[in-house]
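One chain comes next, on its own, written as structure tokens: the form predicted alone.
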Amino acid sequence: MREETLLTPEWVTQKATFLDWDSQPSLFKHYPHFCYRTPLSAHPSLQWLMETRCITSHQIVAHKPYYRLNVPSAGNLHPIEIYVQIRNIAGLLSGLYHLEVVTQELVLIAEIGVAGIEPYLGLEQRFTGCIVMLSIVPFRSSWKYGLRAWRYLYLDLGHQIGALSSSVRHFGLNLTKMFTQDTDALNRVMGMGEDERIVAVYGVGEGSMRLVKRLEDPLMSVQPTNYTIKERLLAENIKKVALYNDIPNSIVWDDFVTFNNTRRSARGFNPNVMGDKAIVELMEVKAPSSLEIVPILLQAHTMQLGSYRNKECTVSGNFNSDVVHLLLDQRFISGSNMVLLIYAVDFRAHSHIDAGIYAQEIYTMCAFLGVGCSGIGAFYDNESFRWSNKPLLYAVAIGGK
């Protein structure tokens, strides 16, 4: 999908057209009002789930609700949904639930007993606790970005998986890998149509000795948006992607809840207030082996400006205007201290997820250091080879605030 999703100066100029925001598809999935609901705040043992995906601010923009979440999303379009199978948690019916993020409620889709989704994940025994399923809703992104949305969907998913991992670890729990060779069957039984697809599954709990039967009847089917326009090539390529189940090696943060609920993408920087020590600490954040990180230092107190490898400046120079141009001439980037360019060994969906997970850790580290950052998925692809011979997936601009 790299060639089909390239950005060039010519393409950007041709596509710079008016976008009718009144035609934006609905952002969040809502199950019918008659479904049983319970607030997450009433279940302290599930605080990790409440912090995994939550609204951090809400305002009205152009007469429409405008939400910010604890995870960044390209265009603030939020194409992720979360479902949870719950077994044997005090105060909750065992069942399959949807996380309604706006109200922070669990919505019961169906009760379960001896049958469940475990057999779809290769399990013969019941899993006690939670099985968390993350889905993507492609049209929420493709409505604005066309085929380029393929990249943003998986970057957004990576951010969400990173937040899940950080939250689970903060509350002293662990993620369990879940996998299936038949994602289509899992989607069918969960009531998914062609407009939504489960792309990652994790367990938070433990296995048991009790046998489980296969849930045979599909759950109720609810559309994830109020309307949709199908993009055949996008759908075909998403269907080819295997379920993601790598577990991030997230840092455990004492102040995770504070960082999580105050996360913002910076739209301006004050480079004079960011120290060189913070720059070095950010360069030390470990990335997955699937990625290559190229820091470009744009402004600093004593450090050499230029591109870095392993905290060493390999090409010195002032590349501020070059990097700003690479990132579609977004002028606010010129005030940043550093831009991390995130390249991949292989251009594929799972590498984009890895990039989102790494960027989510950078966001949290920036919150810890008291500096701002902004993830940027739009850039001139072919011009990015100046800094590496690998494909560029993502960039993060970082600076004082």
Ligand SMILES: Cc1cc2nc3c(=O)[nH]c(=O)nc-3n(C[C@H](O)[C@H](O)[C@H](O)COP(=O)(O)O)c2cc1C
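Residue numbers run from 1 along the displayed sequence. Not measured: the values here are computed from a predicted model.
What follows is about the form predicted in complex with the ligand, which we do not show.
**Q** Tell me whether 73, 76 and 159, taken together, all sit within 4.5 Å of the ligand in the model of the complex, counting heavy atoms only.
**A** Per the other structure, all of 73, 76 and 159 touch the ligand.
**Q** Verify the contact flag for residue 109: yes if a non-hydrogen atom of it lies within 4.5 Å of a non-hydrogen atom of the ligand in the model of the complex, no if not.
**A** No, residue 109 sits far enough from the ligand in the model of the complex that none of its heavy atoms falls within 4.5 Å.
**Q** Evaluate residue 325 for contact with the ligand in the model of the complex, applying a 4.5 angstroms cut-off between non-hydrogen atoms, and reply yes or no.
**A** Result no; residue 325 lies far from the ligand in the model of the complex.
**Q** Report whether the minimum heavy atom distance between residue 68 and the ligand in the model of the complex is within 4.5 Å.
**A** Output for residue 68 is yes: heavy atoms within 4.5 Å of the ligand.
**Q** Wondering, does residue 267 line up within 4.5 Å of the ligand in the model of the complex on heavy atoms?
**A** Judged by the heavy-atom cut-off of 4.5 Å, residue 267 is in contact with the ligand in the model of the complex.
**Q** Which of 332, 368, 31, 28 has a heavy atom within 4.5 Å of the ligand in the model of the complex?
**A** The option sitting close enough to the partner is 332.
**Q** In the model of the complex, which of 307-315, 259-267, 129-137, 95-103 comes within 4.5 Å of the ligand (heavy atoms)?
**A** Heavy atoms within 4.5 Å of the ligand in the model of the complex occur in 259-267.
**Q** In sequence order, which positions of 364-379 have a non-hydrogen atom within 4.5 Å of the ligand in the model of the complex?
**A** Counting only heavy atoms within 4.5 Å of the ligand in the model of the complex, the contacting residues of 364-379 are 374, 375, 376, 377, 378.
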